[in-house]
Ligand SMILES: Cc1cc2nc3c(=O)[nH]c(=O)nc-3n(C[C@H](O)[C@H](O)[C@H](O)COP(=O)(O)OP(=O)(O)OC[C@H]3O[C@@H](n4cnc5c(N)ncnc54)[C@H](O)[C@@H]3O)c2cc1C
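Below, in structure tokens: the form predicted on its own, a single chain.
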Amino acid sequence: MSKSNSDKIYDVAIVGTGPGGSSAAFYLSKLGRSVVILDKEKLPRRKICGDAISQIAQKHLTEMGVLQEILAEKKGHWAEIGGLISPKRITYIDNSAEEIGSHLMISIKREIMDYKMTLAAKKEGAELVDEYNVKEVKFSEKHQLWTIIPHDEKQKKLKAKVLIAADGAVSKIARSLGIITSPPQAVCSSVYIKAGTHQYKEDGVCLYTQDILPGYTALFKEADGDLVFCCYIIPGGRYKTSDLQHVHQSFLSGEPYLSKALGPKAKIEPMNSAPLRLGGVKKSYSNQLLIVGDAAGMIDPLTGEGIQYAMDAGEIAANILDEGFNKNDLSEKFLKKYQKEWMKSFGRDFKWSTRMVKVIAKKPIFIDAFAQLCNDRGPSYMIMWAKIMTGSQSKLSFFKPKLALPLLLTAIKLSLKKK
């Protein structure tokens, strides 16, 4: 990967090459700003994720030219046949793509997608430096510059007018600066299951069980025939984040649907895990500093989805920083606008997700009712729900009569039947 010019003062230094960091680098570079983007690992690198990419994220990938490359190289798999299994084992699996004539989700391995996003930023002019492990960052009030100091003393220190922390849910940078003080609240696991060793026929299914709610597990098919299995433990249920390995293994070894889908010869890699910071942080800015993506908790508390929100935030950050440079104002007061913009765009939705998590944890019958309604009404109802769950529509859309009333009535019917 390219080496950075240590004597240069960049407009923006970005730590982290995930969707948030790479999106910010792409949009800033497109606006003509000088950018260096750093990653501690050698690229391309594995990322723990469910690999399911929503329509909003697809729009950013298209803007970058990344989705076109992935499709041309046949490295993305459109989700067509899929659905869910509810706590009462009500199963709905169908082809939603036929109903709408398009696809809500595509599976792309994050190792492929993230790398192509960083290369897209590089094509726009960003300098990309991998294997650059940041030891600390320092801000000079006198010179109004950030200095980025690497662990490796052989590597050069870098200087920039603005720093973007896109360094993941733990965010060493945000914590070292005292902007974020709380730990991540949730955790997820991810494993690949080798193509040719499983018996899975669908494209993607989410499994909800009474004991894991409000968390869930999911299985998605990749373009190369591999499967990705992921497990999300979200606060509010029976399990703690420390229970992840037990929950992950118990699903793979004993859950009936998974046992049938994987078969007896499935080659499953060892479990990988990653923390999740949910619901958005209260402050994601400071003097000449922005926090983007997982580092700022831009993950939906209901779904564990963070890719599209990181991309949205990267574009918002780029536009606001460009405005700040033009006005010669990169102060904390001005950059507060960034917090307001992403909160308006998607952050307020997280509050409704948090409320819904509490409802689902206490009343899992609503998941059962949804699965039953999908069976009764077909793909159209599933699509309405899926668009809200994946962020294409506001969570408030759940309370529209055409969704809420049938769900409530079906939940009541199921409750009465149970009695």
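All figures in this text were calculated on a predicted structure; none of them were measured in a lab. Note that residue numbering follows the sequence shown and begins at 1.
Omitted here: the form predicted together with the ligand. The next part is about that form.
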Q) Taking heavy atoms and a 4.5 Å cut-off, does Lys172 contact the ligand in the model of the complex? A) yes
Q) So in the model of the complex, does any heavy atom of Tyr338 sit within 4.5 Å of the ligand? A) no
Q) Taking the shortest heavy atom distance, is Glu222 within 4.5 Å of the ligand in the model of the complex? A) no
**Q.** 4.5 angstroms heavy atom contact with the ligand in the model of the complex for Tyr285
**A.** no
Q.
So the ligand isn't shown here. In the model of the complex, which residue out of Thr91, Ser176, Asn133, Thr241 has a non-hydrogen atom within 4.5 Å of it?
A. Asn133
**Q.** in the model of the complex, the one of Ile48, Leu31, Met384, Ile56 near the ligand [non-hydrogen atom within 4.5 angstroms]
**A.** Ile48
Q. In terms of non-hydrogen atoms within 4.5 angstroms, which of the given stretches 297-305, 177-185, 320-328, 152-160 touches the ligand in the model of the complex?
A. 297-305
Q | Residues in 270-287 with any heavy atom within 4.5 Å of the ligand in the model of the complex | A | Ala274, Leu276
